[in-house]
Each structure stands twice: as C-alpha cells, then as structure tokens.
Ligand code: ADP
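Take a look at this single chain, the form predicted alone, given in structure tokens.
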Amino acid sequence: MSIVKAENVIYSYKRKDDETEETKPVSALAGVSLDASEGEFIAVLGHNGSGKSTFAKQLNALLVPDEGTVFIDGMDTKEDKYTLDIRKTAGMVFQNPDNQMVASVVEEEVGFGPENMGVPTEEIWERVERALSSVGMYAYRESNPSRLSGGQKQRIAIAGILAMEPKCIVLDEPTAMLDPKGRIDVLEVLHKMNKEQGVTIIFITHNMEEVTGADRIFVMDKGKIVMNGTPREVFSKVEELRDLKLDVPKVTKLAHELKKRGVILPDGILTSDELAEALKHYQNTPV
C-alpha cells in the first residue's frame, strides 16, 4: 500500500523582480510523480536548486501543489481538514536541528509533539522513553539540547518526530551540518527504525555515500524526476549523473575508472567488499 503518492505535482514560487518590482512565478516542481510503499527507504537526490527540498515540504503539507496531487496515506494535502492528520502521519526533520528545538531539557523536547497532539501524560512519557531509546539518547534525557553535538541534536530531533508515532519520516538534508561521525550515527538510527519498526523513510540529500542502503533512489533536476531505480541501477549511470552535476560513491567511481582501463567489473558496485570480490574474480579469470 502506498503511504506517499505524488501525481504530476507542479509548484511555483512567487519572486519579485528587483528592477521592475513585478511579482513573477518561478517554477520549482514541473510534474513530479513518486510512489512510496509502507516500510520503504526512499532517497531523493539532486543538486542545489533541483527542487528536492520543495518536494519534501509537499509531503508534510507545508506546501501544497499548484497542480497535481499529493496523497499521504490516502489523504489529499490540498484539503485543510487533513492537514493535522497528515503531519501526524508524515513527520518532518530539517537540515538544522536547532531550528526545531523548543525546550531546554531533552525529554521535554521529545515530548513536545505528543503533548500538542493531546496524548495523555502517562503515554507521553512512555513514548519519550521509547523514542530516546530507539535513537540511543536515553542517557541524555535530562540534558540541555543546546549542549549536545550536532549529531546528538539531530537524533533528538528524530526522536521528537518518532514520539509522535508517524508512519513516515521525511528528512530534508538532515546530515548536511554534521561531521562524519554524526552522519554515520543518524543514518544508523534511520535504517534501524526502517528495518525494525517499519517506519517509511523519505531521505532528501545530495550526498551519494548516504543512499547506497536505500530501497529506491529518485534523482531530480530542474523540478523533475529524471532517473529512478535501485542504488545499483542508478549508480551504474555514472556519466549521466555527472551530466546532472552529481557524483557517485567513491568506490563506484573507482570501479568505473578501472572499467574504462579495461578491467572487467560489474556495473553499479556499491561497497569496497563488492569491489574487492570482483577484482579477486577478475585476477583469477583465465586469459
């Protein structure tokens, strides 16, 4: 069953011309269609300005289409009566966790969303405990969020959404401001939630290394989806991705360069272990 279904979504921002002071529409999405089933880990890739962040906001009803339709668990985002339920169903995590922090104690921060939803107090604390444990931050429940590292803050932000018990979490560049360890920590949390709790993940990023474990990848350019498939299928198209101003994972790039030099390797190698095994097979292949 589809938890997210976008059908030919068109959206334009209004921008004032500095010279004429006239307001003109600027196209951000030009007919985006995407379908995500419950429990999938979906990645949306694209360079800056490709429309991926605008699309992310469509999935939480922060923006609604000018044309086309977005359904979240069967609810049309254009219908105001569904807005609250949509935001309960599809939680949103942004690039900068500081922008989402409202409390001075971690457990109060995580409990803020459920409290606004009218969840009974006893259940709120049960949800807070579960959510913090899920992201490995229960030991910090009495800490001040402002004193945590970037990666820890982002895990708290994810816990706050998780405590609202959404079916889907939409993350817009959630690792962009994190150091490598913070990125690894956040990705581990997301994959754990996806595999163990069945939470659908929509992960928006321009970092290729972060999406090799996704179920499917959608690539955006100029407000359109221009490529989609499994990570192996998408990253097999090295030259097409370069034309879109996107790179590929380092090990995939290395394998591609080796192939150009005559080494016989399969397309779409995603990990160093895969490359090592392929090279071992190549060396043992009779000439």
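Quick caveat, the model's predicted, so the values are computed rather than measured. Numbering starts at 1 and follows the sequence shown.
Keep in mind that the form predicted together with adenosine-5'-diphosphate (ADP) is missing from the display, and what follows is about it.
Proximity of G229 to adenosine-5'-diphosphate (ADP) in the model of the complex falls outside the 4.5 Å heavy atom cutoff.
None of the heavy atoms of R242 is located within 4.5 Å of adenosine-5'-diphosphate (ADP) in the model of the complex. Although the partner is absent from this view, S50 contacts adenosine-5'-diphosphate (ADP) in the model of the complex, with a non-hydrogen atom inside 4.5 angstroms. Mapping the unseen interface onto this chain, N60 falls outside it, with no heavy atom inside 4.5 Å of adenosine-5'-diphosphate (ADP) in the model of the complex. The stretch among 51-59, 66-74, 244-252, 258-266 whose residues place heavy atoms within 4.5 Å of adenosine-5'-diphosphate (ADP) in the model of the complex is 51-59. Along 1-17, these residues reach a heavy atom to within 4.5 Å of adenosine-5'-diphosphate (ADP) in the model of the complex: Y13, R15.
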